[in-house]
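Have a look below at one chain only, the form predicted alone, in structure tokens format.
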């Protein structure tokens, strides 16, 4: 079976880390018995300069016709690319896992939580009125959107440590009262899951002083975006943070970090992009009921975990000397070792 993967290489370090990730995916496909067809789907700053559109119609059509989308980081056109795609494809669940590893410097040990972020509403709905004298943005929270993202969070908690923390600002904005109330309604159907809630400012504080207490963090759109970067700092670096944007019909997978336009691409850390690819294989394996895709995802996850825990094969941002392409080569060796 051949699976069509639309690929947005993005800007800055994007083309390099995405290109190497494609090589890694092709290697896994050969090792585990499936076929991937990559469809070039240009989007981002460079494409806007060349064509006048950050996301050309042809690119959108390729994404719509593919089985999944692998996206690299884009620059200033993020609103026109990823924010648009999240709403156009109804990618309502943004999944961002964070974990500490022995070989990655962090102030903390044994951190392992995931941020489940509603991905289509809140201020990112981009309903605005702006002129020289004022800027007004509409904050949108609906029962339907909150209900479905809450189900994702609680179902995920059932597969983990069975705890959900609802993050909001209900003491100031009644819109977030609706978010909290709806999330607790969904919690009624998951009696095994322990549930609590926090104001977002307290959640930010607790994430710094006591991050091990979190399991699944359920957030509205804006708060999830901000807390994700803080969470990456807690885990040690944003360079290892991948994410999934998932809806009923489509899935788009990308690193949490930006395009780093001033960085030499060969000194970049490809792990966030690789983690996104791992999440893509996992999602596609579940969606297509393909055990080979699932196995490849598990092996890739284990290989990355082994390397990061050992702490010898690291890119410059992690204190090592391995170039981006060298890291990919070493990762392939670890995958081969695990497959024996």
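Positions refer to the first chain, counted from 1. This one's a predicted model, so the numbers in the text were calculated from it and none came from an experiment.
What follows is about the form predicted in complex with a small molecule, which we do not show.
Asks: Which residue among 232, 78, 139, 198 has a heavy atom within 4.5 angstroms of the small molecule in the predicted bound form?
Replies: The residue from 232, 78, 139, 198 that makes the contact is 78.
Asks: Heavy atom within 4.5 Å of the small molecule in the predicted bound form: which of 265, 247, 258, 103?
Replies: Contact with the small molecule in the predicted bound form is made by 258 alone.
Asks: How about residue 204: is it within 4.5 Å of the small molecule in the predicted bound form, going by heavy atoms?
Replies: Close contact is absent here: in the predicted bound form, residue 204 is far from the small molecule, nothing within 4.5 Å, heavy atoms only.
Asks: Even though the small molecule is not shown here, does residue 241 get within 4.5 Å of it in the predicted bound form, heavy atoms only?
Replies: Residue 241: no contact with the small molecule in the predicted bound form.
Asks: So in the predicted bound form, does any heavy atom of residue 112 sit within 4.5 Å of the small molecule?
Replies: No, residue 112 stays farther than 4.5 Å from the small molecule in the predicted bound form.
Asks: Check whether residue 90 has any heavy atom within 4.5 Å of a heavy atom of the small molecule in the predicted bound form, and answer yes or no.
Replies: Heavy-atom contact with the small molecule at 4.5 Å: absent for residue 90.
Asks: Residues in which of 165-173, 146-154, 249-257, 205-213 have heavy atoms within 4.5 Å of the small molecule in the predicted bound form?
Replies: One stretch meets the cut-off, namely 249-257.
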